[in-house]
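Only one chain is shown below, in structure tokens, and it's the form predicted on its own.
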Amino acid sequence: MLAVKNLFKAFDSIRAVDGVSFSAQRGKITIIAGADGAGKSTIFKIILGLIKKDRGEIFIDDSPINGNFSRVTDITGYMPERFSLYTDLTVEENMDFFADIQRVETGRKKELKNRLLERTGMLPFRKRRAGALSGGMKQKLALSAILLSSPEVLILDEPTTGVDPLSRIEFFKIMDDLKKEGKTIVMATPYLDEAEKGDFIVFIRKGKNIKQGGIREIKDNFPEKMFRILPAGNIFETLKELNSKKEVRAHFYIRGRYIKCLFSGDSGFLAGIKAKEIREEKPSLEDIYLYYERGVRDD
């Protein structure tokens, strides 16, 4: 449905987007994952024509847009990281405003508005000023606003940043419903735990693809073993001991009370470690991202 190939964008000496390629399919959630400053927002702005690319191509249904960005924007709902709601207007007044901007027919505006507010759980708050909404409610109102145009493609830039856990769960329930309707959803996030809810993932580091693929496929084909170690003594001393084993090609990092260890080959080197528990487990997307992120050398 939507694809980019070899996108490049530099700001002076900074290569914000450095040869990024990926495709997003109908009825799927494509996750663009990376740390703050990785280039996720810049990629979205290039796709929408808000920033001029240096080179590369954007495709809709396998056909290059050749600079005709209306082919993208006419079918896309875009939710930037900071969506501009009018805080002094009520939920309903905001919806009316955005419906008028998107030229929703008068005859269907009320029915569509009410249906979207009901779908996102915002109908009981229709008379509340947007400025008095919680972070999660603001994001659901923003989503309702972009859905007024009935877009085929949704581009969502970190939509759950600053949102409470319950609202994040509710948000992804809506995403799942939209996916079942055949929407193409492209979402940027720095949160690898919520990336697990996607279908396809693109790991971005300093403007570059470092790994991409179907989430199930990436997990099933991950080349390393992972162990979780609960040290018997000081966690930093144990980490120092592990890092001193130069003969072992491994990645170690601390997560809470545990040390996580990613490596290939024989696990015998762990036998001498003083630990309350050493347990093998399946790596999460966060573990996988850290593995590939640490394997990339800067130019």
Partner chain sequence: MIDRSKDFFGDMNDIIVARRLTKRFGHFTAVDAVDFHIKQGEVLGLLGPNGAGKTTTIKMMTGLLRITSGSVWVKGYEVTKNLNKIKKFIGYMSQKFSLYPLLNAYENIEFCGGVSGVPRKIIKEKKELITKEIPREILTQRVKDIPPGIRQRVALFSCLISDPEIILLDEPTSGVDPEVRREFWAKIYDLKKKGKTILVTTHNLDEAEYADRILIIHKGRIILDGEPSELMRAEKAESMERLFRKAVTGHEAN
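It should be emphasised that the depicted structure is a prediction, and the values quoted were computed from it without experimental measurement. Residue numbers count along the first chain shown, from 1.
Note that the form predicted together with its partner chain isn't included here; everything after this is about it.
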### Task
For the three residues 162, 165 and 173, verify that every one has a non-hydrogen atom within 4.5 Å of its partner chain in the model of the complex; reply yes or no.
yes
### Query
Which of 233, 265, 67, 256 has a heavy atom within 4.5 Å of its partner chain in the model of the complex?
256
#### Entry: Answer option from 191, 125, 83, 222, heavy atom within 4.5 Å of its partner chain in the model of the complex
191
### Residue stretch of 117-125, 191-199, 147-155, 100-108 approaching its partner chain in the model of the complex, non-hydrogen atom distance within 4.5 Å
191-199
### Query
Should residue 286 be classed as touching its partner chain in the model of the complex when contacts are defined as heavy atoms within 4.5 Å?
yes
### Query
Would residue 132 sit within 4.5 Å of its partner chain in the model of the complex, counting heavy atoms only?
no
### Query
Is residue 275 a contact residue for its partner chain in the model of the complex, using a 4.5 Å heavy atom cut-off?
no
### Query
Heavy atoms within 4.5 Å of its partner chain in the model of the complex: does residue 35 have any?
yes
